[in-house]
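First comes one chain, alone, set out as structure tokens in the form predicted on its own.
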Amino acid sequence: MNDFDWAAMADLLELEGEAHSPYVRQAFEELGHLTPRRILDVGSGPGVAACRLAAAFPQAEVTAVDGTPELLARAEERAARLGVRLRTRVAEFPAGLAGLGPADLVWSGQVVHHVGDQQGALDRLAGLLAPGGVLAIVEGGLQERRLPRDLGFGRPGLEARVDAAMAARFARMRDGLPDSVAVVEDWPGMLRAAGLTDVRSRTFLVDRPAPLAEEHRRFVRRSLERQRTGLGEFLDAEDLTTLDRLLDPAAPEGVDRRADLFLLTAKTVHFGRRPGH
């Protein structure tokens, strides 16, 4: 897909999958009327959603598909630990998808925006579907909120400025992707352009109030650490100092000890069906 070191992000990806699990559960409830025989999770990472698919559809053959073998090894370990049946397949996205289908359900969570030609990637995902099969992609929603507007130090509104910095970094990432194609990111329209029908979108809430469980607090820390590393050139010195203070394990006002730390976000899932029986 690009030059992200996904294997190095394995711990963060697993923590994120667990922290964001409420939206995945709600999205799978939207698919509960289906009786799929074959399911693909494309861009599965360490398999958090894939294992939930295997639990939700125990009659189905579920395959986690990813370009990073180290992440698929994590998925296999998770499946064994949870006692669910899961296959894995190493394949680059989107170039390596040929021959993976047909599938009755294809899930792809926050993957398409990492490739230059997003419409082309959706076309390939839609091409994996059997007649009547459903594609569900996760793209868009609302940025995470984790902290009060006023932290008691630094300038209020840190997270809004982090959002702006993330948007600037994301735009640079997309501009640098091979074969990058500008497109209006109308995801339902793009699914229709890929030949799918019955297209609809739903947005699901993740609301974990304070005080956060320890595993979700670890996710917030790892996420903020990644932002501190990646946004150094996009934030001013005062905001970087504030992030350093938040990440100081000895600071009583840091994320490891704050009683007011929470996690609030929303994820949008877009569904479409391949015409047929």
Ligand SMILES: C[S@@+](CC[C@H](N)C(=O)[O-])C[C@H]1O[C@@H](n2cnc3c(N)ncnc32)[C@H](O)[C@@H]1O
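Each residue number is its position in the shown sequence, starting from 1. As the structure is a computational prediction, the values presented were derived from the model and not from experiment.
Below, we refer to the form predicted in complex with this ligand, which is not included among the displayed structures.
Student: In terms of non-hydrogen atoms within 4.5 angstroms, which of the given stretches 63-71, 235-243, 31-39, 210-218 touches this ligand in the predicted complex?
Tutor: Partner-contacting stretch among the options: 63-71.
Student: Out of 105, 190, 111, 196, which one falls within 4.5 Å of this ligand in the predicted complex, going by heavy atoms?
Tutor: If I apply the 4.5 Å criterion carefully, the residue I get is 111.
Student: Heavy atom within 4.5 Å of this ligand in the predicted complex: which of 166, 136, 91, 130 fits that? Just give me the one.
Tutor: Among 166, 136, 91, 130, a heavy atom within 4.5 Å of this ligand in the predicted complex occurs only for 91.
Student: Under a 4.5 Å heavy atom criterion, is residue 256 part of the interface with this ligand in the predicted complex?
Tutor: So residue 256 does not count as contacting this ligand.
Student: Any of the heavy atoms of residue 263 lying within 4.5 Å of this ligand in the predicted complex?
Tutor: Residue 263: no contact with this ligand in the predicted complex.
Student: Hey, in the predicted complex, does residue 271 get a heavy atom within 4.5 angstroms of this ligand?
Tutor: Outside the cut-off, so no.
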